[in-house]
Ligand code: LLP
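First comes one chain, alone, set out as structure tokens in the form predicted alone.
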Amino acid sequence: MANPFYAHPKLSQLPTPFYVYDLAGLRGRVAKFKSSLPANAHIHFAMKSNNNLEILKALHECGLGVDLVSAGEMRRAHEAGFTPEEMIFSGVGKTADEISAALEMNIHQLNVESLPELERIADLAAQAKKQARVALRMNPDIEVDTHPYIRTGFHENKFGFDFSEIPNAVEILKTHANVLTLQGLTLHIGSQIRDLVAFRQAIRKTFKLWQQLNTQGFTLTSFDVGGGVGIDYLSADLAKDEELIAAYGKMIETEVPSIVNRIDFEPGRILIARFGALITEVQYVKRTPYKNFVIVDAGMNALMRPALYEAHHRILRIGGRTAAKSSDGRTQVFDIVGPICESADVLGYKRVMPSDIKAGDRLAILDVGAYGYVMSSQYNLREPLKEYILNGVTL
């Protein structure tokens, strides 16, 4: 059986810590996602999850667009080869400069999050003598089973329009019809969601409004279902991901009628998470009367998710020796911790590791292709991490 991508021999001499991505795996996942969706689907990769230039180029080659949340991402997307027609701009805090840049570039769509933002876009479009193509992001007030920090479609969250605000939005759109074109509605209820019931409820509620607006003088052509499909971080079973993707595609086909010309998608994690790993080296093995620690050279500066969300990532020993257990088969329980001067700097609590783990061993922290490197920092003045791409057998 071939080694997994994160145990590729070409990685063994690279200085740690670093990220590595499996381009072949990513391309396969994209193909599966595309084949599961209706024919009128347009996929825009959520660039906030991973903005590596080579990854973006590969996704563009696969026929995807991008979903952006900053001017920096817009510039990176342009560098990766995406055309303006392939870009959607989301986010609650778009600055005037960002909106102006999007209008100047003539991107496909601005996902609008509030009445003040809609008014600002109208003013800037009038000044620039441009037509702004917009979609209203709706907040369907749906509670989802995910971490509160990545729940975005509940009424207490900062995202999107409340349905009660639509009459005011309609007034703005009609008053500024010379510079605003309403293309459709959009929603995004959160991230790391694996229960399709919440998606179904949000789509049904939002699509009723879509139909109503089509009777009020608007000709809506698109319906944007956002992203948010999650993975099981406790499991390595990629087939389960694909089962969820297939079920998601069937649900979309059932819930979004064929009268919609175009269905937009904004996936991130479900495409890239599995195909990234953080490689780190053990510095010390510390045993105390209370707890055992494996201290590595990557910390919360390199991977923020465990400290921020209490997120779980599988952690495996890699290298020449039997990775999963010691030579005598024994294991011990350790906290896997980093070098940062914070007690929150824990990459994994109570992990069963080989009892003979020692300084110099390498560990792979898995499923970090999404929200890994992009959330890293130089806290404690740590050096920025390097990223490597495995394309088949070529590093």
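All residue numbers refer to positions in the sequence shown, first residue = 1. Here the structure is a predicted model, which means the values were calculated and not measured.
Missing here is the form predicted in complex with the ligand; even so, the following discussion is about that form.
- Annotation: in the predicted bound form, residues F5, R274 and F334 none come within 4.5 Å of the ligand through any heavy atom.
- You can rule out all but one of 20 to 28, 6 to 14, 383 to 391, 367 to 375: in the predicted bound form, only 367 to 375 has residues with a heavy atom within 4.5 Å of the ligand.
- When contacts are judged by a 4.5 Å heavy atom cut-off, A46 counts as touching the ligand in the predicted bound form.
- Using a 4.5 angstroms threshold between heavy atoms, R194 stays clear of the ligand in the predicted bound form.
- Using a 4.5 angstroms threshold between heavy atoms, F163 stays clear of the ligand in the predicted bound form.
- When the ligand is considered in the predicted bound form, H108 lies well away from it, no heavy atom lying within 4.5 Å.
- Of the residues given (V229, I99, I203, A122), V229 alone sits with a heavy atom within 4.5 Å of the ligand in the predicted bound form.
- Contacts to the ligand in the predicted bound form (heavy atom within 4.5 Å) from stretch 247 to 276: E266, P267, G268, R269.
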